[in-house]
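For reference, the chain that follows is the form predicted on its own, supplied as structure tokens.
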């Protein structure tokens, strides 16, 4: 008997390229998961169109429509509960969340650097890659981690390393890092799925991080 797919909610704020990667992996049978809903912090995000094209339910929750971060977070996780989400995957979601007790270590994020380097408030997308190039480091990469109440914080599941080349531009570097992200996020989700099957619930990552 085939195992039941893990129920994912994916949260987006922009183009939804990470969402599309997960949609494609699931459709190809390479990830035993089902996206039961998509939450966007912007109604005009292209990720909303991607979700609709894939026939996925979409809810838009704009931070400015809520008086406090707590109220926004409450609405976010109320929607996740309504969809019976087992795991929440932030995919370029640019709003901070306060994680309720029943979702502790059930919310994943992927960040385009080797955390803790180049993380924190305001460090996303091209801002990260521009900072990497300014500092002259020889490598960067991506990090998948459990989400807590701080920006780009929480236990790390895995990292993939990407070289920084002498002629890199932020765009070239972003493209190379995104290729690594397309492998890293499904790997991390699959690890959580395996833990869920073995132990009955997602648990903290206890193995070594991975590099490439």
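Residue numbers count along the first chain shown, from 1. Keep in mind it's a predicted model, so treat the numbers as computed, not measured.
Just so you know, the form predicted in complex with a small molecule exists too; it's not on screen, but the next bit is about it.
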property	result
Output flag, 36, 86 and 195 jointly within 4.5 Å of the small molecule in the predicted bound form, heavy atom basis	no
Segment assignment from 110-118, 68-76, 97-105, 130-138: heavy atom within 4.5 Å of the small molecule in the predicted bound form	110-118
Residue 91: touches the small molecule in the predicted bound form, heavy atom cutoff 4.5 angstroms	yes
